[in-house]
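Only one chain is given next, in structure tokens, and it is the form predicted alone.
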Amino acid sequence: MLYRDRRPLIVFVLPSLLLMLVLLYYPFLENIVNSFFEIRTLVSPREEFIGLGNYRKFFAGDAMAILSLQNTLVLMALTVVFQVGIALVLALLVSAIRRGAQFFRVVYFFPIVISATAIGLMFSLFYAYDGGMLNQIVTALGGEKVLWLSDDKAFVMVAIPVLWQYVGFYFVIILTGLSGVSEDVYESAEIDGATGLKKTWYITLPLISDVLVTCMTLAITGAIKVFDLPSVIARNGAPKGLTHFLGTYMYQKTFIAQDVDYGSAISIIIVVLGVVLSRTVGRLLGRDGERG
């Protein structure tokens, strides 16, 4: 009855719609157009139409772009396995706790409320060669200092804080899903002899499959557009660009190298890749969940 005449609601919806059009959709469409033209600097107008030249350059002529794509795909797999996997294990453990569960919820969720820049600076101090916490521990144990951001360790050292930060986010989502599972289901399962891991595998996981699919989709899209932590810990993909991801490489090309048209093409590739992968995962896992 209160919202029978819905026309006045347009007054409240219109401002947010205008903001999205101006700040999101218009720049996105501009990026699509820019990716087909040659643009020398941020303040230069569009010059020559080059068609798919920037996209051909990305996939066929730019080794660093392929490396950034590989790093992004590897990080995407790691987020699904470790972020969602660890969050699932923690949620299952905390859901079984009768007292003190609220304490663990706050502790595990806490990294989400910390600025990514602050986390990046904190891990940069951990990894510092002189005076860093990790090297202080190593030298105290009688070892020699380690260059934690060296060629063979840089990717892992950058991936660790990225994975750690969002475990609590997925933990809360999964824990909320677990709270929606009726205790009657578990009691019936126990009567039928399902206990321990069997109860988790055959009862809990199928009932929260939609929640897990959502978490995996968010993890994949988050890994594809990751930028802040890697850019703080390893500026310009140091060393030798080995820790570049699609987001950091796009930033370097657009704002540092002033290769605006190429940066626009990379941004479109990020969007398309995110949409395709998230939809693919949603369809595959969603169908599995329906069969279950």
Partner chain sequence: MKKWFALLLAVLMVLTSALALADGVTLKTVSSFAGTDAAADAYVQLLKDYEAATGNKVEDASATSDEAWKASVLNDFAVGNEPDVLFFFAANADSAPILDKVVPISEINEAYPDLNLTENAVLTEADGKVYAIPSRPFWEGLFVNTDLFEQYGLELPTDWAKLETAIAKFNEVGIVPIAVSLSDIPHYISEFAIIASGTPQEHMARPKTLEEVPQSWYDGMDLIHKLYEMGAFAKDVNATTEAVTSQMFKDKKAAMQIDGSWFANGIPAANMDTTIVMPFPTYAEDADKTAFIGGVSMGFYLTRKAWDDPEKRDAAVALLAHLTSADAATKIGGYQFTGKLLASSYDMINNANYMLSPFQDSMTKEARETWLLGCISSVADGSMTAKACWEKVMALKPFGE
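Since this is a predicted model, take the numbers as computed values, not measurements. Residue numbers count along the first chain shown, from 1.
Below, we turn to the form predicted in complex with its partner chain, even though it does not appear here.
ask   = If we take heavy atoms and a 4.5 Å cut-off, which stretch out of 65-73, 25-33, 42-50, 219-227 is in contact with its partner chain in the predicted bound form?
value = Correct option: 42-50.
inquiry  = Whether E183 contacts its partner chain in the predicted bound form should be assessed with a 4.5 Å heavy atom distance threshold; does it?
reply    = The answer is no: E183 has no heavy atom within 4.5 Å of its partner chain.
request  = Considering only heavy atoms, tell me if Y129 and its partner chain come within 4.5 Å of each other in the predicted bound form.
outcome  = Yes, contact at 4.5 Å.
request  = Report whether the minimum heavy atom distance between D151 and its partner chain in the predicted bound form is within 4.5 Å.
outcome  = The answer is yes: D151 has a heavy atom within 4.5 Å of its partner chain.
inquiry  = If we define contact as a non-hydrogen atom of the residue within 4.5 angstroms of the partner, is F255 a contact of its partner chain in the predicted bound form?
reply    = So F255 counts as contacting its partner chain.
query = Heavy atom within 4.5 Å of its partner chain in the predicted bound form: which of A96, A77, L147, I137?
reply = Of the listed residues, the single hit is L147.
ask   = In sequence order, which positions of 218-244 have a non-hydrogen atom within 4.5 Å of its partner chain in the predicted bound form?
value = Contacting residues: R235, N236, A238, P239, K240.
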